[in-house]
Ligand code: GLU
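Just the one chain here, the form predicted on its own, laid out as structure tokens.
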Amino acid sequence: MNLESDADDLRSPDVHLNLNVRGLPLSATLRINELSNKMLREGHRVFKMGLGQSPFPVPMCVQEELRANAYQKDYLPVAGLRELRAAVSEFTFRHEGVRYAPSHIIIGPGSKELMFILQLVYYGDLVIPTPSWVSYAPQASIIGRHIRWLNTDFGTNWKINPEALEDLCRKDPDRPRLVILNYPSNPHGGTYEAHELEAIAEVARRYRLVLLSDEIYSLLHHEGTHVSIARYYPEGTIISNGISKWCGAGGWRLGTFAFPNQLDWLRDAMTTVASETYTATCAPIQYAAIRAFEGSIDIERSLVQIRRILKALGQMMTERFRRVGIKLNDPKGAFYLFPDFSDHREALAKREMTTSETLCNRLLEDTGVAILPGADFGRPPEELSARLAYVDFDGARSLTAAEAIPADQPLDETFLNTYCRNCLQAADRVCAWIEEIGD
């Protein structure tokens, strides 16, 4: 037996790596966050616009519940704490007007993990728009599912066209498909009107599609008027939510899935896989999350101010980018912009920036502004698009300041320069960089 040869064999990535994992990089959002932190430690000035982490604090009443339940150490039910599932059920009915029984709720260690397990147990194609969140497609690739992209464009605000979905389904009407709809959207901050959701729901019902409605940003709709597609296609829609965005608790890792009765077979399959993988979600976090989903006047008041801040900041940054010829749609929710630099293609090409990746790499090097290339979100590499998360500011400080300004008064440029300075400085650096390249 040649021990040296065997040791080399164990170290070889080409021998033992799953073909579906080989070559996959670290998730783009986590990669840019780690790179940004590394540059900061090295003394560079960095504007962290890559990772979409809420800048706002976890509500104090929820933090207090976590402290009070730190002693909880028992394994909880695989599907989640009964009281929490009841709170999620009421939360969904309160905000979406759709009733999901507590027994049809699953609690997981982040909605990301639940999405992965859903794709694992559901044997069908994954249908997603381009652009879409960076982890949908890689998860499908890891599991070995076929990915069907639905193309969107700037002119239609990056929304799924129901006719395009119809055309895809008509080619093989009986093929099982899982369609993920995320709104307000990561990466572009757009959302759907009720009539648009109704049109998509009609197609979904006709072809018996399973819809995963990723509504993690639902309470961050800038006008507070989010509508779920589950209102129009309740029998085939799973609603995904959690506490990472509207509750500011991304690192707590708690996500929720709400299933209609007609999809109980999917819920049961996911619960089985969960029992053999993560077992149960962290006990103290689940107890604290009850308080979050039950809601309170203080939480609702904070959400009003959070929406107010994000709306004003998104609009201000959009206006600044447009002044220098960067194309943008108006953000309607969440904290993302999806700028298109294509009108500067010729000037950028002269400096060897012909793809979204080379554009973002050079932008970070020259300005310290960290954003992600559109290619990470499913756009063509040569398209000069990018995603920017406008979250690099002190959310607690801005929240306190906003509460002192009457609701009928806008949060003006003075407020934003005072409390969201990093974001506006980042926008100014990008604009100055583009103008310099064009000279």
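As the structure is a computational prediction, the values presented were derived from the model and not from experiment. Numbering starts at 1 and follows the sequence shown.
The following text describes the form predicted in complex with the ligand, which does not appear among the structures shown.
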query	finding
Which of 397 to 405, 35 to 43, 48 to 56, 65 to 73 lines the interface with the ligand in the model of the complex (heavy atom within 4.5 Å)	48 to 56
Residue 217 within 4.5 Å of the ligand in the model of the complex, heavy atoms	yes
4.5 Å heavy atom contact, residue 186 to the ligand in the model of the complex	yes
Proximity of residue 245 to the ligand in the model of the complex, heavy atoms at 4.5 Å	yes
4.5 Å heavy atom contact, residue 192 and the ligand in the model of the complex	no
Output flag, 85, 252 and 285 jointly within 4.5 Å of the ligand in the model of the complex, heavy atom basis	no
Contacting member of 232, 91, 259, 133, with respect to the ligand in the model of the complex [4.5 Å, heavy atom]	133
Listed residue that, although the ligand is not shown, lies within 4.5 Å of it in the model of the complex (heavy atoms), from 112, 226, 267, 332	112
Interface residues of 369 to 392 toward the ligand, as seen in the model of the complex [heavy atoms, 4.5 Å]	387
